[in-house]
Each structure stands twice: as structure tokens, then as C-alpha cells.
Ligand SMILES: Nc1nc2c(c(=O)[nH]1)N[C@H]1C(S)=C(S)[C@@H](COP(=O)(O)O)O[C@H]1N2
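Read the single chain below, which is given as C-alpha cells and is the form predicted on its own.
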């Protein structure tokens, strides 16, 4: 016959089973964490974590479209003291005859700020988001990147297809980003030369910077010196340090 347990014995047995179950379960995350830490690094990120970033990239890339717009605000809501973050690529002296070098296939030329100001102006007030966790409503003005491309007839590798990527870097080459072309031609992406209706300050990327509202701030390169279209995925400053390459919002 099965031995009958007193209520105290039953409680004790259930308690022991619960602790044993908890103990076994606790080994699972510990084991997973040890496995992750023992994995090789890929682009300065542990391989399993890099796989997660790549999955997130594919997921957010599928969500990107011209109808996927960052929320916009009124100019009165824009912060007057725009937050500054990061000076990589801004340490070198700015040349008086500043020009942006552009390369699209066999087409190579240089443009000035006045060349860009001659194109239709676009202003946007949106919530700039930093990967560090802060955000701020900001007001920028410049030319839409897609308008810049269309005006100079660049970015197309043939009659039907665009190059897959746009590479940008500062004049001194210290900071650089790689942007997928769908994000570059997004209607809210601009080459900005104004902030709050005034010329950019040096610390905010004077005289020209990139603004991509549908991505985290580290993609919005300050002081654009080079713009190059390519099918080869460009190097990216923060992605090489372990951050997400796509950086979509």
C-alpha cells in the first residue's frame, strides 16, 4: 500500500521538489551565458549576440518604407539648446574651400554648400533618438537626400537599379557610416545645413551633416566630406565596435 503522508510531510516534499526544480532551472541561463561568453567574436560582438543584431536588422529593414515616417512636431516644440554628443571627425580644422566629394560609379565631382542651397529646401522637426537612451525634439533644415540624388543624376548603377549602399565619411576620414539606399532615399532623410533656422554650429556638424529620422543618431554623420554610392557594404564606425549596422527605429 502507498504510504499516506501527513500534511507537514506533503508540504516538506513539495518544498524540496520546488527547490530542486529551481536549482535545475537556474543552471539553464547560467549554461547559456557561459556558452555565449565562450563563443568567438564577430565584428567586436559575441557571435550569438551578433546573430540577434542581424535578425533585428532584417526585421526592421522589412518594416522600412516611404510610408513609415518618424512623427513630426511643430517648430515651437523644438529644443533651442540642441544636445551635443560625440566629436569624432570634427577635430581637424575645417578648410575654407570646403567641398563634398561625390562618387557614383564612374561619375566623380565636388559640390559646395551653395550648390545644395540652390536646391529645394526641406525642414523637419522630429524626435532625435540616441542609442544611449536619450531623445530630443530637434529642428533641422537642408535638402532631401533623394532630391540631391535626382538633381545630380547619381545613385543609379543602371537604368533600372540603384546602388545598394551609400558610404559617407568626414573630411578627415575619422568618422564614417554605411547607409542602405532605401534609408538614404527615405523622404525624411536630409543633408542638413541649418539647425533651428541658423547655420550649423561646429559641434553639430558644420557646415553639412546627415539627418536620418528613421535611424538612431549615430548614423546621422556630422560634417559630410565624402558621399559614395556602391553595391559593397561600406565600413561603419559604430558597427565595427559591435553596434547594430542598420540602426533602424
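Residue numbers count along the first chain shown, from 1. Since this is a predicted model, take the numbers as computed values, not measurements.
Omitted here: the form predicted together with this ligand. The next part is about that form.
For a residue to qualify, one of its non-hydrogen atoms must sit within 4.5 Å of this ligand in the predicted bound form; all three of 87, 221 and 238 qualify.
Residue-level contacts in the predicted bound form: of 148, 126, 175, 163, one residue has a heavy atom within 4.5 Å of this ligand, and it is 175. In the predicted bound form, this ligand stays beyond 4.5 Å of every heavy atom belonging to residue 186. In the predicted bound form, at least one heavy atom of residue 203 sits within 4.5 Å of this ligand. Using a 4.5 angstroms limit between non-hydrogen atoms, residue 217 touches this ligand in the predicted bound form. Proximity of residue 99 to this ligand in the predicted bound form falls outside the 4.5 Å heavy atom cutoff. The stretch from 70-78, 128-136, 102-110, 149-157 that comes within 4.5 Å of this ligand in the predicted bound form, counting heavy atoms only, is 128-136.
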